[in-house]
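The chain below stands alone, shown as C-alpha cells; this is the form predicted alone.
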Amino acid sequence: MVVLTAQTAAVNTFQALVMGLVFAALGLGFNIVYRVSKSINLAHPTLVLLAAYTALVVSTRLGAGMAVAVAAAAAVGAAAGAALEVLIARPLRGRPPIALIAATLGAYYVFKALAKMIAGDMWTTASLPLPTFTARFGPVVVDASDLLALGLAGGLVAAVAALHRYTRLGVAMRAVAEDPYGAAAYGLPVRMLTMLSWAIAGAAGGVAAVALAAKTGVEPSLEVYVIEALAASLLAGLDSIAGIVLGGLVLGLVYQYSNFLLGTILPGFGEAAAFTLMLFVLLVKPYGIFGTERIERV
C-alpha cells in the first residue's frame, strides 16, 4: 500500500507542477490555432515529435548546445505550422471545421514520417545531453531536466500571453481571430496574420517539445503527452490562455498523484484519470470551464 507522507507529497507536488506547466505549454499550439481557425490541429502531436527529434539530432549528432537545439526545434515547428496553414488551412477556409480537422489528421502521419527520417537509427528512447546538476530544497531534489522544463515551459507561456495582450501584433492577431472580415475591412493583412498565427503555434510546439523531452526523454510515444495536453486544453476551454495554464496544472496534479497512489495496482491509471476528468467536465460544460460558448446563426 502506498503511503502519502509530507515528504512524498512535496516531491510529487513539485513534479506535478513541472509537468503541469509542460502540459500548458504543449496546449498553447492547440489554443493559438483554435483561436484563429476555430478548429483543432490534429497534426500538433507529431509536429511536437518532429521538433523533439530535431533538438535531439542537433544536440547529439551535431554537438550543438541546448540553446541551438531549442532554436532549431522552434524553427522546424514554425516552418511546419506555416506549411499547414498555406497548404491545408487556407484552401479549406470557409469549409466546415471537420474538413480542416480531417486534413490535419493526414498531416499527422506526414510529420511522423519526417520525424522517423530525421531520427534515423535514433528512433528509440534517448535523452537530451543535459549537464549533471542537482539542488536540494528540503525534501525536493531539483535537477537540470526540471530547470530546463520549468524555464522553457514557463517562459513560453509568459511570452505567448504577453504577445497576445501587450503587443500590436498580438492585438492584430486577436482581431483577425475574432472577426476576420472586420479586420480585413480595417486594412489588416488577414492572410499573413493567419499564417503567422499557425507559425507561432508551431514554434510554441517546438519549444514545448524540448521542455517535454527534458522530463521524459525523446521517444516515439511523446505524442501521447501532447494528446493529454489537448485534454487539458479542452478541460479549460481552447480560447483561454489563462484557462489552459490552470487546466495544465490540474492535469499535472491528477496525472502525478493518480500514478503515485494507484500506479502499482493500475499501471497507466494517470492517463485514464486525466481523460476521465476531461470527459466529465465536457459533459457539464461543452466549451470548457473558461471557454466562450459559440452562438451560430442558421
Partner chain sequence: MPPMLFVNNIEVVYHPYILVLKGISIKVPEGSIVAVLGPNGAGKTTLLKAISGLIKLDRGRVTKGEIRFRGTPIQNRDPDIVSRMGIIYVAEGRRIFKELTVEENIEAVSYAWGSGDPDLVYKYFPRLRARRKSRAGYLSGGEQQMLAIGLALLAQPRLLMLDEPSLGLAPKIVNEVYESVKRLHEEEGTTILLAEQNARKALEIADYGYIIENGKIVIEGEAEKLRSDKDVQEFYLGLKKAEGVSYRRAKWYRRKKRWV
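These numbers come from a predicted model, not from an experiment. Numbering follows the first chain given and starts at 1.
This protein has a second form, the form predicted in complex with the partner chain, left out of what is shown; the following refers to that one.
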Open item on the list: Counting any non-hydrogen atom inside 4.5 Å, which residue from A175, A159, L92, A144 sits next to the partner chain in the model of the complex?
Closed with: A175
- [ ] Scan A83, M122, L150, L193 and let me know which has any heavy atom within 4.5 Å of the partner chain in the model of the complex.
- [x] L193
Open item on the list: I need the one stretch from 214-222, 150-158, 114-122, 175-183 whose residues put non-hydrogen atoms within 4.5 angstroms of the partner chain in the model of the complex.
Closed with: 175-183
- [ ] Spell out, yes or no, whether the shortest heavy atom distance between L130 and the partner chain in the model of the complex is within 4.5 Å.
- [x] no
Open item on the list: Test of understanding: in the model of the complex, would L169 fall inside 4.5 Å of the partner chain by heavy atoms?
Closed with: yes
- [ ] Answer for R136 alone: is it within 4.5 Å of the partner chain in the model of the complex, judged on heavy atom distances?
- [x] no
- [ ] Please check if P97 has a heavy atom lying within 4.5 Å of any heavy atom of the partner chain in the model of the complex.
- [x] no
